[in-house]
Every structure is written in C-alpha cells, then in structure tokens.
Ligand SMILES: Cc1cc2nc3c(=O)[nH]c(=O)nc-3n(C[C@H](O)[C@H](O)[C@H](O)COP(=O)(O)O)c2cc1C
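A single chain, nothing else alongside it, follows as structure tokens in the form predicted alone.
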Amino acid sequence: MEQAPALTPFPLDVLLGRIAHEWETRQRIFDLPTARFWKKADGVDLSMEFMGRPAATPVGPAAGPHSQMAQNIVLGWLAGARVFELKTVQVLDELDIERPCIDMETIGFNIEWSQELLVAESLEEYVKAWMIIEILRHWEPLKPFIGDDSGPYVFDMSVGYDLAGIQTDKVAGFMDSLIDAGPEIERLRPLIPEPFAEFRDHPFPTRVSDSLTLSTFHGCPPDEIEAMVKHLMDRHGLDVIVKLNPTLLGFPRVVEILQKDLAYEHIRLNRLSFVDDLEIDRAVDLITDLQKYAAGRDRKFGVKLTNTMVVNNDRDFLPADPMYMSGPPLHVLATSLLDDLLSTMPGTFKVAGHDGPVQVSFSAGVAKGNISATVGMGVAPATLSSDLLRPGGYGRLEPMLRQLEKDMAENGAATLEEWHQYSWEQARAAGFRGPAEAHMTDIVKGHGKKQYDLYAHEDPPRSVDHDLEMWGCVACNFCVTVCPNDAFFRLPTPEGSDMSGRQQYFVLAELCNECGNCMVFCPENGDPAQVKPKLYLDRGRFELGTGQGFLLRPDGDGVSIKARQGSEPEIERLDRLLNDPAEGLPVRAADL
C-alpha cells in the first residue's frame, strides 16, 4: 500500500494567502501573536557578523525541525531569529524515520537526523521562506510590530554526510541553486497572490545562501571532513563551518561531566561513538590546516560546537537505538569543549579575548537562562532547537532576546562587541582564562549548575488524569506552540455550543510528521496529532490516510467538508467552527 509522505509543504500562494487571512481575522501570523514579534530596542545593538555577513541578532534555529519548512523559518524570523542554519540536506532523501522521533519530556532526545523532504522540495522551501521574509519586512501592516528596519538576516545552508554524496548532481545542484536562486524565484514569482500583488515585481535578492555548515555526523573520518571542506570551497566557492562532536572531550571527561558532575547516571553513553569519532589532537591539526587552506583562497572557515551526543536508548518512548541527546547537559559539554579548544589553540578563534580568524558557532542547550553568558563568550551565532520544542515554541525567542538586551543595558554594553569585552574583563578579574572558563565553571561546579543537572530536569511535564477527546480539553495551547511545523491551530468555542473547553484544536494533516512532541507535552492522556480533527487540504494525502480525517474544499466564501467513513457525525461541528466569519479556518477557502 502506498504511504503518504512525512510532510507535504503548502505552496507559496497558500502560505501567503494564509498570512493575509490570518492577519485580517485575528492579527496573528502562523498563530504567533504580535506580542512575540521581535522589534529592535533603542540603545542596544544586537547585530553581529556571521562569516563576514551582517545579521541583526546573534540567534536563530539550528539545522533541525525548525528550519525545514518555509513557515518554520518565517516564524523564527518574526520572533527575532536572524541567522538560520537550514536543515541538513543529503543525497538520500527518501528516508524512513521511525515515529515518534522527538522526546523532550526531560532534557531532550531525538532519532530524527536529516531532512524529511526530497532535495528539490527542500530547495523550494528555503527559497519560499526567503521570499516571504523579504515580502513581510516591506509589508506596511507589520511595520508597527517589527520596525521600519528589521535588520539583515542570513540563510546558512547545511549538507552532509560524505564526499560522494555532496558531489552528486542532486546535492551540488541544490547548493548552486541557493547560491543563485534567480530561476527558482522567477518560477515562484507568479504564485504571489492578490493580497501581496504589489510584490510580484519585487527585486528579490537572488543569492539566498553562500555559506555552509557541514554536518559530518558521528564517525566521519577526519580525512573525509577535510576533503569535503576543500571541495565545498573550491567547487562552490562557499565559506564553510564544520560541526564538531562533543566526543572530542574524550570518554572519561564526558563520563565525569555527564554522570558525576551533573548526576545523569542513567544515561548510557555509546562507547563506539568515541572510537569512531574525530579525536582532539587530529581536530587541532584539521582546524589549523583548513584555516590556512581557506585563507589561501580568500574563503572563511569556522567550527560549530556541537553536534548532538550519541547515547544508548534506555527509554520506552523513541523506537530506535541509539538516540541523540541535546538540551541542558549538551550545553555543559559544548562549553567545556570550547574552553578546551581556546586553551589548546590560543588566538585561533574569533571569540571574546582572542580575535582569531576561525568563527565559532554554538548550538547546545541555548535558552533564556544562559543566552547572555553564551553570547558573552563571543560565539556567533547561538543557534537552538531544544528550547523551541518546549511550550511557547517560537514565542520563546523574543523574551530571550529581551533578556540579552536587558543584561547588556544594565552593564553598560551598547553593542555585542562591548558585551564581549565586559564578559572578558569580568572573567579575568575573577581569575579565569576568559568567559568560556567562567561560564563552564559556574554551570559544572557553581551556582548555575542547578539549571543543568538531573534534579532540574527529572520531573516530566504536568498531567491530568483524563483521556484526550476530539472536542474540548484543558486548552493549554501546548500542541500549538510545541509543534515545530505549525501543524496545529486553535479556534474559540462558539457561544451556546455543546462542545466543552474555551478553545478547539485542529491539525493541518499535511504539516504533521507525527514527531510526538505534542503528545509529550499534552497534559491529557493521548496523542493530539491523532485525536484532534485532522484537516486535509490535499486530496491525495486524504485518500492515503487512515482513521478520522476531513477533506476541505472551497464552497463559495467558505469550505465544504468531506469526512472519512465513521467521522461524518463531526461535520456539523466542523462546519460551524471552520466557517465562522470572525475567525474560522486560517487558510483562505479560495486557496484550497
């Protein structure tokens, strides 16, 4: 039996139509309220350079579930992200990833490691996101909420996982088409719908991305890494960042930090991942050689700290072994590795107090509670994924940036350069080599440890003893905010309705890949992705699906509803909710 693809992206006209319709009916975009849109603060400048490219803030989503589809990227931009590490693309683009694939119940694990779209679909998603952001930053209705100048942003592509794969026509063509996206933009331009007709002739920049974070995954030989970097610089003219693994710390050190200092004794490390991975001495040589190679070709080179940590699966939730650990303990490992590299290779890295040529990107448990210390180390950018998978979702970015602005302002730093200098001076005055060692010491041995150890993260999300139902629930809104793909939306329960609850929740089936994150955080017993009404805009997906489900079709100014067998009694309720003139279905009926 033919299987439905994991994700079916919405076309550009449907996404832009939804933006216009949702803005008109509820003044939200992809269900993100304007209170969580980011706007530059007066007196504090968060701008930075990423591999020589300007960006208005030092944060953004890491390559993962938040940078795979166009609406994900747009949501990040609205909330303040300005550096986007696009989800990693590889030549094998028809993967069978088991479900659920994300477990954020405590610290964060996943078994999902590559793109879930075809390479051609990934290209289109990234170009669509680029075009939508360019439209929104010039769209007058948004100016009061994002400012007249929302600042520059960077798309950083990511590919993996071996030289043979990135040399294929499929992956090489993907990279070339982001370096010069002119043909793709012209193909998509006619799809710009009427609410945004003024942008049909807009001069969209055609260079979507010309930097790349190389995902080497776990166990990639150092000679292979070197060959890939040189190929990307020579064949594609790219500036390249290499993602490093926390295994560089060595097995004894990781055991000491993870199991002894932080008390995660139950996490079983995968010893083979240390045997196969790059070791510190070879990493030092590799960084030195690749920096020289890049400089000789007028290219830039950097490193990213870090990839996830391979661990054995000792939990019942995820169906595959091994799994990959992220979140707070990874932050401690990555900070420790940064301090090791700075002491081993002084003057090499472009961080606070060193001013070397090698840029350091950071992605490991970044959150509001550590954003100021993380950025103070001089890393640029600080990308994140785990924190965005928690309640609040993309809306957690704006308060994070406000916290950084507040801490800078209170300590007299008007720019990130001044914040780096302040952090350096404070660390040195306290007897540390620099802010990396100061931060590491605090989170491993000091007061900050309580944010990272087992005892801060051993309790599961709150729950109630009630089975989730299609209509009515505690209306916590978690399913909407923790979904990285924006597959959920909510509508107010009509007055006089026989449905319980203040809000009713719906799933846009094409955008749901059953990652499991909504199930983890739902306080009731059940899987919202399966229990809440599944709405289909695509007939093919509807016909391939099973269980409850509803196909939507345009009907005048509203929608008509076709139910799968057994779901017909729910049509009357759906009709009342989705065709409500006040809010209703966020997608325009004409776009179905």
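Bear in mind the structure is a predicted one, so any value in this text is a computation, not a measurement. For every residue, the number given is its place in the sequence shown, counted from 1.
Not pictured, yet referred to below: the form predicted together with the named molecule.
- Site residues Ala63, Ile102 and Asn307 are all in contact with the named molecule in the model of the complex, judged by any heavy atom within 4.5 Å.
- Heavy atoms within 4.5 Å of the named molecule in the model of the complex are found in one stretch of 254-262, 267-275, 203-211, 322-330, which is 322-330.
- Comment: the named molecule is not present in this chain, but in the model of the complex one of Asn370, Thr247, Thr88, Gln359 has a heavy atom within 4.5 Å of it, namely Thr88.
- In terms of contact with the named molecule in the model of the complex, the residue from Asn72, Ser423, Ser385, Ser336 that brings a heavy atom within 4.5 Å is Ser385.
- Though the partner is left out of this view, Glu112 does reach within 4.5 Å of the named molecule in the model of the complex, counting heavy atoms only.
- Under a 4.5 angstroms non-hydrogen atom cutoff, the named molecule in the model of the complex has Ala364 among its neighbouring residues.
- For Tyr161, a non-hydrogen atom is located within 4.5 Å of the named molecule in the model of the complex, even though that partner is not displayed.
- With a 4.5 Å cutoff on heavy atoms, Ser215 counts as touching the named molecule in the model of the complex.
- Residue Lys243 is the only one in 227-245 with at least one heavy atom within 4.5 Å of the named molecule in the model of the complex.
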